[in-house]
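A single chain, nothing else alongside it, follows as structure tokens in the form predicted alone.
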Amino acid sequence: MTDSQKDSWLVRPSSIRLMWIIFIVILALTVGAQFFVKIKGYFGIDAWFGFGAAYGFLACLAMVIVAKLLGFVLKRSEQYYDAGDDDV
């Protein structure tokens, strides 16, 4: 068996490309369904076309940025835990 046959189907480049295409089609169909389904917004802006997709993307982007900022704030040096181990 070659290395590509031993790998799981999830890590093969052809499978990854196919999954991206499937996900993009599903997302496009979900947003496109708004042409046929009337969305009743409660606040006005939430009835706009594609609002759910844009809101979800921006919320995910905000979570990633906050996580990165938290990483900078909470990060410790590599010797942080070795500083008090002189006796051991």
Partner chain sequence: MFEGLSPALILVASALLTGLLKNRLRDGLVLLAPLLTLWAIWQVPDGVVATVGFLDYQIEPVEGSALRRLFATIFAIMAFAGGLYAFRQAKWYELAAAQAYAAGAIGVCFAGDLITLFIYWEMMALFSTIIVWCGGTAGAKAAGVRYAIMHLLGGIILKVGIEGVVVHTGSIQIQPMLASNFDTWMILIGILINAAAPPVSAWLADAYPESSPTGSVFLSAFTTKTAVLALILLFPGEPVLIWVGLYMVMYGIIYALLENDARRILAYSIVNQVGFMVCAVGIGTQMAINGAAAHAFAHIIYKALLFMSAGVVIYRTGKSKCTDLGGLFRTMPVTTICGIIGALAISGFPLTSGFVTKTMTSQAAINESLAVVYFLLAAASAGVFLHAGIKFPWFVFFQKDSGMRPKDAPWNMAAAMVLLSAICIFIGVFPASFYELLPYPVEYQAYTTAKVLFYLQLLLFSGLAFFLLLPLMKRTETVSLDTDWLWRVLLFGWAKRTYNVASLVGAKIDSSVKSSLNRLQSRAQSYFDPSAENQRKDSKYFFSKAQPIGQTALWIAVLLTGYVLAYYL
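What you see is a predicted model, and the numbers here were worked out from it, not measured in a lab. Positions refer to the first chain, counted from 1. The term rigid core refers to the most C-alpha atoms you can superpose between the two forms while keeping them within 1.5 Å.
Although not depicted, the form predicted in complex with its partner chain is the subject of the following passage.
is_contact(residue 17, its partner chain) in the predicted bound form, heavy atom dist at most 4.5 Å
Residue 17: no, not in contact with its partner chain in the predicted bound form.
Do residue 21 and its partner chain share at least one heavy atom pair within 4.5 Å in the predicted bound form?
Contact with its partner chain, no.
Spell out, yes or no, whether the shortest heavy atom distance between residue 71 and its partner chain in the predicted bound form is within 4.5 Å.
Residue-level check for residue 71: yes, a contact with its partner chain.
Members of 35-57 lying within 4.5 angstroms of its partner chain, judged by heavy atom, in the predicted bound form
If the 4.5 Å heavy-atom criterion is applied to its partner chain in the predicted bound form, 35-57 yields 37, 38, 39, 42, 43, 45, 46, 50, 51, 52, 53, 55, 56, 57.
Rigid core fitted, is the C-alpha displacement of residue 77 between this form and the one not shown 2 Å or more?
Comparing the forms between this form and the one not shown, which are aligned on their rigid core, residue 77 does shift its C-alpha by 2 Å or more.
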